[in-house]
Each structure stands twice: as C-alpha cells, then as structure tokens.
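One chain comes next, on its own, written out as structure tokens in the form predicted alone.
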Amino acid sequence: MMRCPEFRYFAPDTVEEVVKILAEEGPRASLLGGGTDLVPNMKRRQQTPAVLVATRRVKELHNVENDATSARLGSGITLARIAASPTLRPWSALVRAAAQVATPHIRNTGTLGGNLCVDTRCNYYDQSYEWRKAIDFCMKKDGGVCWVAPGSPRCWAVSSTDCAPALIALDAQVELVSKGQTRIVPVAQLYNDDGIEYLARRPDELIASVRLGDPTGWRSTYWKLRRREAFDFPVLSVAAAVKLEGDRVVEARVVFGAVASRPVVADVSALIGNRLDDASIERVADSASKLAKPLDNTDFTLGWRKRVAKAYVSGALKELRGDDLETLGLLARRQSMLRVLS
C-alpha cells in the first residue's frame, strides 16, 4: 500500500487565514482542494509538500455569482457542479470541459481551482517511486535528465488541465489573492511553458475565483481525446469560441491542451470577417494545427495526435457553425472520434 509522506495539516475557515499560512510557509505548502491529483502524487512521491492547506471549509471559495452578462466562480466549486449548472450553459466550453474530467466520483470531489493547477504529465514521471528510481529519476522530480528529450535543458511534461483551455477560449480571468494583495490576470497568463515550473502563480497566492465575461453572441465548445473515455487525462484537447454578427465571425479563439507544457493559443485571425464556410474552416484548421507539436510522452503516437489536432479544430468550428455532429460523423465523444480519424 502506498502512503503519503508526513505533513502538517491546516483547515482554515477564511481566505485571509489561507493566505496567511501560505505567506508563512512559502514553497513548503500546497493547497488541498479535492485532492484528486495531489494526494496520488504524494503517494508516489512526485510531490512532497511539508504542509497541506485545505480549502474545503472556506465558504467564499464555493460561491457562484452569475447573471446574463458575467459570472464569478469560486475556485472551490466542484467540477460536477459546473457540469450540471443550467445558468453556466452560455459558457458552454467550460461546462463541457468540466463534464469530461475523469469519473463522476472525481468530478464530485475535484475543484475548479484544482483542475487549473493540476500537475503536468509524462510517461516517465507518472509512475511509482520504485519505477522511476529503477530507470533513474527524471528532471521533473529527483533527477537531472528529461527522458523525453535527453539533450534538452528543460522538462517537457505536458499540461493536463481540461478547464484551462476552455477558459482561455472564453477569455476568462483568475483572481489571485495573497497577503495584502489581489491581482486579476487572464487565465492564459497563469501558465509557463515549462513542465516543472508550469504555474505562474506564486507560492503565496491562492486562486480565489474565476471570472467570465459577457457571453452574448458567443458560441463555444470543448473537444477531448483520450484512450479511455470514462476517466483518462487528455492527450489532446481543443477549445474553440466564436462570436458572430449575422453570418460573419467578428472574434474567435482556438486553444490546444495537452500538446505542450501550457495551453497553446492558435492564430485564427483568418476567420475574422469571414463566414464559417468549409474553405475558411479547413484553412484555419490546417494553420492552427501546425502549433500542435506533441512529443512522445503521453498516449498514442505523436504523428497521429498531430493529425487529430487538425480534425478536432475543423470539427469544433463546424459544430459552432451549427452542423449536426451525427451528420458530420464527428461526435465529440472519444470512441466515435477514434473510429472516424484512425
């Protein structure tokens, strides 16, 4: 049986108490929301914080405030709550992303803030301590070499969050709170392109909330590729959002997940001012997919995942155009996508 290493445990009641502890403990402390990622990592000795600061008792982190033009989601709300919320459906990409995280049991426990901070993944890292020791530890934990790219000076573990690409496509912001300071930053700025230091959040900061803007005129979606539909992490994801005036695109965003150490924003400027016709969609899908440069450190072959990236962008944009997915033969569910694209 794998057990967690020893740690001190705090269960504060307010945001002020949380950030006070973080300020005092610094990098030795980790925030504990649902624990669905952190606790297994601790058992495998991938993460070994000396202090855990639980946020479940902080009521303000569980609040949801929204109307027709904006929403503020506490970072402690569960993914299941997001997926089931009728009032959040105008921000469809986020609802779909939350609904596709892991299993119902994990979605009932895992939190929005936790999914934004979920650890990067790699075949050489996501193993037991004994396995990693047997091949010699990798750069991400306890070693000095990235086994994916041994000549590289950096770690190439990939971003595995579902919610971040969706929120970036929705142009969302996060509220970061520390002792005596609050700052609001775009979700895209929360991430570094580094498998180890993948979060730009400081150790003394708490993600208190996520803020969503006016969804009027916007359509959005989230497509996810994984081997086992029931619970796997993404090995490729695409979040897409378009704003239409009549039949013309006035704004658009496409974001890849699980192809780099942070979500990758594609250039879809060619859509602006144009209709979502087949020619413009295929042109943008071809251009955008060139940014998807997966390495051989997750599931499936990297060449195949790169081909799927183009098909996912195309399918997501056709969905936003209003095409029926059954007619397209491009269901967002993983098995149907594999049947069509393999």
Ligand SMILES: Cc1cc2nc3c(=O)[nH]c(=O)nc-3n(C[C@H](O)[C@H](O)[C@H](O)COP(=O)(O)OP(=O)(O)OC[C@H]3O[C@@H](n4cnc5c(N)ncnc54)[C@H](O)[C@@H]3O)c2cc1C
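Since we're looking at a predicted model, the values are computed, not measured. For every residue, the number given is its place in the sequence shown, counted from 1.
As for the form predicted together with the ligand, it is not shown, yet the points below apply to it.
> Residues in which of 245 to 253, 264 to 272, 94 to 102, 180 to 188 have heavy atoms within 4.5 Å of the ligand in the predicted complex?
Among the listed stretches, the partner-contacting one is 94 to 102.
> Could you spot which one of L170, L236, L206, A71 gets a heavy atom to within 4.5 Å of the ligand in the predicted complex?
Flagged contact: L206.
> Can you pick out, from L32, A311, I281, V58, the residue that has a heavy atom within 4.5 Å of the ligand in the predicted complex?
Exactly one residue meets the criterion: L32.
> Would N115 count as touching the ligand in the predicted complex under a 4.5 Å heavy atom rule?
Yes - in the predicted complex, heavy atoms of N115 and the ligand come within 4.5 Å of each other.
> With a 4.5 Å heavy atom cut-off, would you call L79 a contact of the ligand in the predicted complex?
The answer is yes: L79 has a heavy atom within 4.5 Å of the ligand.
> Are any of the heavy atoms in L38 no more than 4.5 Å from a heavy atom of the ligand in the predicted complex?
Yes - in the predicted complex, heavy atoms of L38 and the ligand come within 4.5 Å of each other.
> Can you check whether R219 is within 4.5 Å of the ligand in the predicted complex, heavy atom basis?
No - in the predicted complex, heavy atoms of R219 and the ligand never come within 4.5 Å of each other.
> Taking only heavy atoms into account, state which residues of 140 to 173 are within 4.5 Å of the ligand in the predicted complex, ordered by sequence.
The stretch 140 to 173, when checked against the ligand in the predicted complex, contributes S160, T161, D162 at the 4.5 Å heavy-atom cut-off.
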